[in-house]
Every structure is written in C-alpha cells, then in structure tokens.
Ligand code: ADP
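Only one chain is given next, in structure tokens, and it is the form predicted alone.
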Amino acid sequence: MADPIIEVNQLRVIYNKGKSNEVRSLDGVDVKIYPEEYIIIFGPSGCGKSTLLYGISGLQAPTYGEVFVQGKNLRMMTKKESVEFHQLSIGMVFQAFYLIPTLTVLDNVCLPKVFRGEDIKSRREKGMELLRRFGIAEQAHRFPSQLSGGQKQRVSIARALINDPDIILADEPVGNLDSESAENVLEIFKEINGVDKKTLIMVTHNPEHLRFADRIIHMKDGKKESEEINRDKRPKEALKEEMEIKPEDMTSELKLLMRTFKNLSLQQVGVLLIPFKAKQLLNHVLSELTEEQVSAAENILKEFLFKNIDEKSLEEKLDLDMSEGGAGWNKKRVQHFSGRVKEILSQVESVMNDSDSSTISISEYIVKSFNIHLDPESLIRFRSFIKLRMENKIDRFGLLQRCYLNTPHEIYRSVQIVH
C-alpha cells in the first residue's frame, strides 16, 4: 500500500486573522505519514508542532489547506462522520492526562466505549485487559488522585487504545513525568507502534526522544523546516514520489551501534566502528560513483583505517583498475577524497588528544565544509557549545538542542551529520 494514512496539504492556521494581533501558528505545512510509522514532530516551544498535531486530529480547524486521514478530508466530514472519526480512528494522549477525577481508573479507560453504547461487561473486560498489559490492574478501582503521574499516563494510554484505533496521537506525553516514568511511557509507545502496528505521532521538544522515531519532522516558526530519517517504513512506491534520502539521513546504523556499545572503552568502540566509519566517510565525501566502485573503495578504506595500508597505498588502490583489485577511480577524485579523509581524521585525532586548539579547529572545519556564514556572535556561541561537548559537560543531544535553539539551522544540520 503506497497511499499515506495521513496527508496534510498546505495547512495554515491563523489566529485573530486580519487583526493587529494576528498570529500564524502554521504557515503552509505539507506532511505525508504512512501506515505503521512512528513520527515525532520536534521543535522549540511555539513552533507550531502541537497545532499541527491538533490539525491532524481534527480538533483544530484549518484556516487554509486540507487534512486527509485514511482518505477522508476532515474539513468535508459531516458531524456524524466526525464523531465516528474521533471515536474509532484516532486515540489521543495528552501531557495533562485529562482523566475524570470522579470516575475510577477502570471507568476512565472504558469511557470511550460508553459513548459507543457497548455493554458494561464487554467494555470492562477490555479495560481490564489493557490495565493488566500496562501493569496497573491493581489500581482499577482507585481514583486518579490516588495515582502517580506515570500511572495516570498509562491509564490515559489505555483509554486511547480501548476502541482499537489505527492512529495514536500524543502531545508532549512525558512532559509532566520524572525520567523513569517518561522512559516507561516511551517504551510503551514503542511497543504500540512495533507490536500493535499502530501509526504513532508524538510531539516533543526533547531531543533525547528522537531515537524512538522512524521519521522526525523538524518545525520552526510555523513551518516544516526539514525531515530526519532513522528508519524508513514508507512503501517503495511512495518513496519514488518523495525526495531522495540524503547521505546525512543514513546514519541510523551508526547511531544504533553507538547506543548498543555505549559502555565500552573508546578504543573498543573505535575498532567496532571502523566498517561504519568507512561507509559514513564515503557518504560524506562522495557522489556519482557506481555501487561497485563504492563497495570496492569501502573495503580499501577499511584497510586504511585498520592501518594495514598507508595513505600512499590508499591512493594507489583507489586509482587502480577494478579488474586489478582497485576501485577504478581517477586521480583527481582520489586526491580530493584522500585530502578530505585526512582532514576529517585529523579532526578526530584532535578531539582524542584533547588539544587546546581543537574547539576552534572543529568549528572552523564545520563552517568551512558546509559553507556556512555566521555572524561573530553566532560563531562564539557555536564554539562554546563545541567546547562543552568536548569537555563532556553535555551529551550529543545537549549539543544538538543548543545548536537548534541558538544558532542558524545550517549549523544544527551540519552538526547532526558530523557528530
């Protein structure tokens, strides 16, 4: 199936339209989401991410543009169709839980089935099944005020699933939770997407959550600024119509490996990463080569990174004809590639040696490599973020968050690629 389950076309939401205090919350957003995808809408406060989610849910009417869900135009739905849509097609999870304080936990979960007119026995059986699944069955006859924040959110997730909708929408669902409860909720969402095969769309401003998503939609100032791909679940037929995946989007293998072996020493991780380093260096530097030429070059580059050959041998093998065991490149391309690899590895060595000049060196490399023009103030901020990362005072996500909020977006995207 190549058709998107959700399609947003030029969605605009304008508050106080035509007045002096007019606000454009969304400004011409286009989004396609396919069945069983896990999508995160990411960005700073006020960027329009929640408005986009509510537009998809039908809770926010568009000023201009259209939203299609499961092939139906939300704007064209009758009142009856809209009620059916909200009861059966989507489930909503909110930051503030929105549980009814005078109802028990079980009755809160079963409430959507009450509106469907289902008998009390069958709806309570389904409700208890979900409460057992999320480890809160013993709380079934308590009231929301007697629960922790994490328990309340699990109740609201159960309520969202009670009518078995195809789509789950979550607006900052862990914003009110402690770190342990937040991780628990995020693992539940991962299961709902992976096991239950639900299409899941979550809004967040926390970059630490991005690892869970298949695709990340970056929002800024009411616009969709870019997309980041961790895993591509879109059908092949649909991909032909979408823009090509850029090399910087193809780093999920590397990210997964880094997370898996995060407790190993730098030296151990370095050895494990060599095959991936070879692949990423090629993606970072090269284009317009055949698959065979890239594959041959990757193997030669591995030899170089394992220090089985020196720089001169690397260049000779890359230039050598494929029939003779080389990669079949030309000298000009080889020299350019070799120079770029040498430059990149020198930056890596600078970081490993913790030299005093590495902060300036790395920031200059990024600015130069991606042809970014920064004003003096932005450059100083950027260097300070690099320094904090090198001193291990912030992690990768802290670096990305600071760059996203405080520097031009070109810096944020380039740091994503280089890191």
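So that there is no doubt, residue numbering starts at 1 and follows the sequence shown. A quick note: this is a predicted structure, and the numbers were derived from the prediction, not measured.
What follows is about the form predicted in complex with the named molecule, which we do not show.
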Point to revise | Sole residue of Ser57, Thr359, Ser378, Ser50 within 4.5 Å of the named molecule in the predicted complex, by heavy atom | key: Ser50
Practice item. Would you mind picking out the stretch of 379-387, 39-47, 63-71, 359-367 that comes within 4.5 angstroms of the named molecule in the predicted complex, counting non-hydrogen atoms? Key: 39-47
Check your understanding: According to a 4.5 angstroms non-hydrogen atom cut-off, is Ser25 in contact with the named molecule in the predicted complex?
Key -> yes
**Study point:** 4.5 angstroms heavy atom contact with the named molecule in the predicted complex for Ser20
**Key:** no
Exercise for review: Since the Cα separation of Ala213 and Arg389 moves by 3 Å or more in the predicted complex, tell me which way: closer or farther than here.
Suggested key: farther
